[in-house]
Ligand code: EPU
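Single chain ahead, written as structure tokens, the form predicted on its own.
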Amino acid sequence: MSLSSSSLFSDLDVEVIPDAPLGAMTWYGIGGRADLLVRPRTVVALETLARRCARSGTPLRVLGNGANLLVADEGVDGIVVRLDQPVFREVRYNQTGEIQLMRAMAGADLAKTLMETVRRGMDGLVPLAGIPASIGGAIRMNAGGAYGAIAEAVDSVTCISRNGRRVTYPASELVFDYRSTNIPDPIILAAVFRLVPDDPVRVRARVKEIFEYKKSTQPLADHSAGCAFKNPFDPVQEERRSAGRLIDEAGLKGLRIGGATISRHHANFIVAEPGASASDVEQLLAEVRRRVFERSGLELEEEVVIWRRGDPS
């Protein structure tokens, strides 16, 4: 039975887009299409869809804002869910007393949410300035950088399990590691953050400082997915090494395959130039891994997430 005529979503409050141009929705702007893109309008519809996909064995993926995603040229099967309807972008603050907690739905934009907290004179998300992500995506990968990670502000995370049940984890039950979490559920629904009142002028100045640092060190205007690789752990030095430095030391800045090239501004950024394909980027990622390993003995692991047809969701 065709997914488009199945009973997975025909009675749900959702918008369904067959053969959706998924690659164009990512920051790379390249790659294939999704068999089906589904935009739920209610949490109940999302829960029901998750439960039915699990029961039928239908792959289910969640698209954030596409900042660290590469979609393979052949596209992806199953259902891709996009949480961009108003109910999934809502942000609320505690209603009584001094603001201390903020609840943001997974589809809320991290940058806009952060700047609203700054406007209110609140610290907590400031270390994430300049990181493009949805709230859900930022939680999933424990987004962060030189100034800190999102885990430092998390109070709790609410998810939808594979069987469509809503479950909330306090921060004490979660393990946030380098660019990862131990969250077992396929869908992050919302997160509660601890905020700290601060001088709005000081908070804005810190955000500006972080933006200036990133502007001077990263090719922000290019089509990329941010850092291509995670910083690998060096068992000899017993610390993480800079992936960008390892790539630079291997003499790979400017290396090109097709329309994909390693940025000369920052070696851990792979840029997609006009005419590039997802295959070009994948081949370049593989070549970088090979050459860095040959030179340093360290295995690079992609930070950019790659979606391929037939992969488990």
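Note that residue numbering begins at 1 and tracks the sequence as displayed. This one's a predicted model, so the numbers in the text were calculated from it and none came from an experiment.
The same protein has a further form, the form predicted in complex with the named molecule, not shown here; the description that follows concerns it.
Colleague: For the three residues Tyr147, Gly226 and Arg245, which mark the spot I'm curious about, does each lie within 4.5 Å of the named molecule in the predicted complex through at least one heavy atom?
Modeller: Per the other structure, all of Tyr147, Gly226 and Arg245 touch the named molecule.
Colleague: Is there any non-hydrogen atom of Arg51 lying within 4.5 Å of the named molecule in the predicted complex?
Modeller: Although the named molecule is absent here, Arg51 would stay clear of it in the predicted complex, with no heavy atoms inside 4.5 Å.
Colleague: Against the named molecule in the predicted complex, would Ala267 count as a contact residue? Criterion: heavy atoms within 4.5 Å.
Modeller: Close contact exists here: in the predicted complex, Ala267 approaches the named molecule to within 4.5 Å, heavy atoms only.
Colleague: May I ask you to check whether Phe211 falls inside a 4.5 Å heavy atom distance of the named molecule in the predicted complex?
Modeller: It does not: once the named molecule is placed as it appears in the predicted complex, Phe211 has no heavy atom within 4.5 Å of it.
Colleague: So, Arg120 and the named molecule: in the predicted complex, are they within 4.5 Å at any heavy atom pair?
Modeller: Answer no; every heavy atom of Arg120 is more than 4.5 Å from the named molecule in the predicted complex.
Colleague: From the list Arg103, Lys230, Arg194, Arg204, which entry has a heavy atom within 4.5 Å of the named molecule in the predicted complex?
Modeller: It is Lys230.
Colleague: Quick one: find which of 237 to 245, 194 to 202, 85 to 93, 157 to 165 has residues within 4.5 Å of the named molecule in the predicted complex by heavy atom distance.
Modeller: Looking at the other structure, the answer is 237 to 245.
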